[in-house]
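Take a look at this one chain, the form predicted alone, written out in structure tokens.
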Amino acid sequence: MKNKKHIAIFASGNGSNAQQLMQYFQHHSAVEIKLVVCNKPDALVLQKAATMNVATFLINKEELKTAEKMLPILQQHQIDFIVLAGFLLQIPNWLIQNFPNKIINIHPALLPKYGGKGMFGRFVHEAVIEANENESGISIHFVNENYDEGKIIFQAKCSVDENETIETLSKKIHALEHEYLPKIVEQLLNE
């Protein structure tokens, strides 16, 4: 009998948010991280998942376009909910249709500003600084067929100081992501 909610994390890079989620839910009574899906064979997130004894699945851009390879893996792991944590490929319609309002993304800016294709990581922080914004932050939103356009669930803000660099802003954003992403995921699963 299945009583825990099972999460798949999709990530493409270092996996600091994925690691936070895996640690947060490691001994949780109602939630389990069952799978990390990645599109880059050399991504650090795969090592972090292995260290935490979480199954991994490698998929390429073409394989993601159809349900043929991915859907059986998600079903095998009884996935209820998907968290995009630095996953850079666009989520296909078949996946959105199979997991309606069950896929969320974390974005390193206050959407709707600084979102869309190509707006990730340092590119977002660079754009925020170049625009002389006095604040930035994170947005957690449902995923739809367009990059960063799904319904916003939660936002948290931080200041952008006069002498801010991409590196210092990135640290502020990561701190917000690590603090809030696990809590918001938990809240959504409790609803």
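Keep in mind that what you see is a predicted model, and the values were worked out from it rather than measured. Counting begins at 1, following the sequence as shown.
Just so you know, the form predicted together with a small molecule exists too; it's not on screen, but the next bit is about it.
Contact check for Lys183: no non-hydrogen atom falls within 4.5 Å of the small molecule in the model of the complex. Taking the partner from elsewhere, Ile106 is found to have a heavy atom lying within 4.5 Å of the small molecule in the model of the complex.
For the chain shown alone, Lys171 is not a contact residue for the small molecule in the model of the complex, no non-hydrogen atom being within 4.5 angstroms. Residue contact with the small molecule in the model of the complex: Asn14 places a heavy atom within 4.5 Å of it.
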